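Here's a solo chain for you in structure tokens, the form predicted on its own.
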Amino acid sequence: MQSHVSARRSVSADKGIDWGDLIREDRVHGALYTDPAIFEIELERIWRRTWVYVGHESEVPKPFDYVMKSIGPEPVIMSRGRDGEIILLHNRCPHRGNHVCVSQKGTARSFTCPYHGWTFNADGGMRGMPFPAGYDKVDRSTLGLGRVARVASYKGFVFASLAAAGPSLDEHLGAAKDALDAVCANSPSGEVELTCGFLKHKVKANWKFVVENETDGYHPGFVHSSIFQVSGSRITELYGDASQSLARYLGNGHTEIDLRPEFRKRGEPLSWFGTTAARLPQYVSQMNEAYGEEKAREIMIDGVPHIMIYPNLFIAEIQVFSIQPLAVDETVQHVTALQFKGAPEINRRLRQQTMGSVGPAGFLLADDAVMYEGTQIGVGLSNPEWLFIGRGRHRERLDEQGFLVGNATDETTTRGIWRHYRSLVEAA
């Protein structure tokens, strides 16, 4: 089996990196996906500096509930404090560095390191250690668990930054907030929940291949054609050359495939979900009661957005993904079914369709994984060294809101991601 790591010259081994030599408007260099030194720079300047999606408030509904999450490769504990505050703690004992929490989720008023028994309160403060006489005159207030520097939520989606200073979450999300509003609007309560647990898919591929693929409207008709044919899905209509759907760059690395033009052309509520209003009467009734029939009909025609919030939150209509880089050539996708609070009828189908599409027997992620790993091997080869990302560049235009858009199959989104990436890695 071929190595996933490039055997060619390490670009970053050169003294200093001219990112303009690696990232051009219509192509990117393969070393960006294979060079371990570049991956380390990404960890420092992207994953440890910008806002990263961590989890959803519904995953820790009660005081002292906790769940294990991550910021890049680094594990963190997301918990809810006594007063309801969302707390993010580094899962690292200040004594010898061991993990203090080894369970994926639970309820706990304290965490105890298994190595020497140091115990910490749920808010990370030092509670006590065995044989305390050995720590006489030691200031215990300095020996708590590390707290993540900044934590903020929007519509229940929890984000964090390991940097103490920088743009606010509002500034980071920018136009992506409208998409999160649209996600929640599809719930009759106006709230969503992530309560189904997560599936984890690990691929031997760089994390950026996964990010780019999430709003790549060029591949579904080819990579997923077999499952679409078997299931009788109309998804191929959305990503064909004649589709009126749009690839949109929202700024700050955020991208979306806007499928609403096609859904509005159909004018059928719940077509986005591959069903009809007649099959979900309870949900439709709840939506009508919550928003009024006219507004509810508009929401149910438009459906849930298909958006990639940089660098790691992907909402794919019925599912929520969190992307976690582990190494330059290893990435995990954590995926769960989207759930609308107080809407059991549609939630059951959301769970079923999630299991059918991305569960252990599903084909969608398996199809994508083959492509990720194939491209990872490919960029490790020597000729050609570049990837061409110029599709649709000649027909890009600004929409009525001033966002750059292209046809659904164009690489407008990929180019936007790379422009933002360059701005981040070039920042000192």
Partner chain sequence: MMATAATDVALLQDVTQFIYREARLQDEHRYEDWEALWADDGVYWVPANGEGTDPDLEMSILYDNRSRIGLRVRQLMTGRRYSQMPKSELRRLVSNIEILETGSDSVTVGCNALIYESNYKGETLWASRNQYVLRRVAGDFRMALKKVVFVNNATPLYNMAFLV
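Positions refer to the first chain, counted from 1. Bear in mind that the values here come from a model prediction, so they are computed numbers and not experimental data.
Although not depicted, the form predicted in complex with the partner chain is the subject of the following passage.
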Any of the heavy atoms of Leu398 lying within 4.5 Å of the partner chain in the model of the complex?
-> no
With the partner left out of view, is Phe363 within 4.5 angstroms of the partner chain in the model of the complex by any non-hydrogen atom?
-> yes
Applying a 4.5 Å heavy atom distance criterion, does Ile38 contact the partner chain in the model of the complex?
-> no
Mark Arg234 yes when one of its heavy atoms lies within 4.5 Å of a heavy atom of the partner chain in the model of the complex, and no otherwise.
-> no
Which of 327-335, 145-153, 110-118, 181-189 lies within 4.5 Å of the partner chain in the model of the complex, heavy atoms considered? The stretch 327-335
Between the options Lys295, Arg279, Arg140, Lys202, which residue brings a heavy atom to within 4.5 Å of the partner chain in the model of the complex?
-> Lys202
Among the candidates Ala290, Ala175, Met355, Ala163, the residue which, in the model of the complex, approaches the partner chain to within 4.5 Å (heavy atoms) = Met355
